[in-house]
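One chain follows as structure tokens, the form predicted alone.
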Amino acid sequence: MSESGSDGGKWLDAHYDPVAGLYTFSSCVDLADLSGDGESRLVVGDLGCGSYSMKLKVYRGTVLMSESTLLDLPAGLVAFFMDLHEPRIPAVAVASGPCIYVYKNLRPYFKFTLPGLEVNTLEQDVWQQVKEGQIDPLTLKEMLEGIRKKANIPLSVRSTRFLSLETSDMDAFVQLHNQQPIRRQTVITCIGTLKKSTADEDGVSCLVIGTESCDVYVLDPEAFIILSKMLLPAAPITMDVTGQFDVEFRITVACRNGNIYVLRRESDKPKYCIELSSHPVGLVRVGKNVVVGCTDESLQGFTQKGKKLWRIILPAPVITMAAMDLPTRGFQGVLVGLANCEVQLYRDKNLLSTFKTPNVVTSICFGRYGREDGTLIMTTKGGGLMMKILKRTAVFDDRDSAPGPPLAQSVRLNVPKKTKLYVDQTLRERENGLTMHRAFQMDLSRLRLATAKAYVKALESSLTPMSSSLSEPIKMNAVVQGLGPSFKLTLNIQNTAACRPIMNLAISFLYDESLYRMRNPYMRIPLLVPGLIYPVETFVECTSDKGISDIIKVFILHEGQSSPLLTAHINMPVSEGLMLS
């Protein structure tokens, strides 16, 4: 047993057999205590050569313990408890073709076959005509092609196979199959387990299967009858199941159309949909989040309601994925096998560990093997079997090395519970929502009307700091300097026209003569050149000793016109000089 040095010595190399002859995927690998002695065995659905030599193999340690022949390619394999009998020994369910083969004590126990699909009536009619000799095989081919183009129900396997034959082989095919009834049978694409009523580790579990016909079935673990049937928009390829069937459950399914759907107990159709930018390769649930590996060499995290949390780019395409759950340390992560002969461990978007493998990894399984809790089992593309053990002293650094928002941003806030006042207010708003909205719209309309009236009044009385006249556009601001009783008043006047000067203007002041006295209450303004600021200065003297102030109105006038071009109100400060004296 040696250490893996490329990942900081977190893993021990326990076993490697490059010629084990195991060809499988992560969905066909599981760990289970099949003998009730406390030691977990490795159960593998071996694909063999693809057309023959498919087997169910069981390993104990590094030795092949038993093997059974499978009739078809396995699509998935799970170990589950189907009853409450003692000793507590799980059964093994292997999904193969349209059937599920259940093994108990490593012996065949039960075979479940999926219900048949609806057959096209037109297809049945033409095959019946062939059986009665009314049409020949060439006419049958033409009629089946027309049915395939127009019918909503797909053709059966027999008809599609017949359409792919050469003309010379059609007669023999028809003579061989025309006496048999037409059937449409779907196949299983993925399989999982769902606890029946309790969340105990050895609790009774239902089987959950996804089919090529876009259906998801939940099977009773004892009678193997269909407890629930749900429909998906596309064929499922992998799934993750959590919860209990009798209480509440969620089935997260990655489908062939590139979307992920979430099925719940109260509905027979998807509750949520996650649209991906590329097709999913693997799907793993970590806590309440879903981690998806995609064909665009990315790893993405989503909430169970479909909100995207993060996305990272991987150095190579994803081949397989598996969850790494270590309850003794409270650790949950995702193991990702890449096409560059690397296996990477992630917690959220943080890369915690990387190690190299001699060949591309095709399946990953982590869990208790034998009496060791942290065992990582992998098979390679060349049929090899690898086993690694997580060191008890291994520490995973959660440092966020990837660019993007900090890790704390994805932590959910501790929102306080709803108070009775909040609930009552919510109910009141819900019951009187229409009345409240109408009152708000009425107040808003009144505010807009009052604002419009004030604006029109300001324009008509020239109360704005900028002239509204297009022929004589002027802007003015005022500055008051001094503590009193004498103040310096400076008016900065600017012609905002593009190229036309303004002349024959004057300034007039209106004020309370009992409070103020001005040297020049009326002044002429010189010609205003566009763009330049002209300061006009005058002095204001406060004549009152009561410590009060008032407004001085400034008017810019044009000779021969009664209404001012511009008006400004200057709030004079209190004269501090008279107050001190």
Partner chain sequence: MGLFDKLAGWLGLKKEVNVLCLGLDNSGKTTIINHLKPSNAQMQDIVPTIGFSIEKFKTSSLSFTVFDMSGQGRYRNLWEHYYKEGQAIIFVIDSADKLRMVVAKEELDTLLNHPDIKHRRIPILFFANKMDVRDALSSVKVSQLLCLDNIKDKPWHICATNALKGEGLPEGVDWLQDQIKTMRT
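Keep in mind that this is a model prediction, so the values were computed, not measured. Residue numbers count along the first chain shown, from 1.
The form predicted together with the partner chain exists for this protein as well; it is not shown, and the discussion that follows is about that form.
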| property | result |
| --- | --- |
| The partner chain contact at residue 17 in the predicted complex, heavy atom, 4.5 Å | no |
| Residue 372, heavy atom within 4.5 angstroms of the partner chain in the predicted complex | yes |
| The partner chain contact in the predicted complex: residue 183, any heavy atom under 4.5 Å | no |
| Contact test in the predicted complex: residue 53 vs the partner chain, heavy atoms, 4.5 Å | no |
| Contact residue in the predicted complex, chosen from 239, 281, 387, 155 - any heavy atom within 4.5 Å of the partner chain | 387 |
| Selected contact from 250, 311, 285, 391, since only one has a non-hydrogen atom within 4.5 angstroms of the partner chain in the predicted complex | 391 |
| Residue stretch of 496 to 504, 364 to 372, 197 to 205, 430 to 438 approaching the partner chain in the predicted complex, non-hydrogen atom distance within 4.5 Å | 364 to 372 |
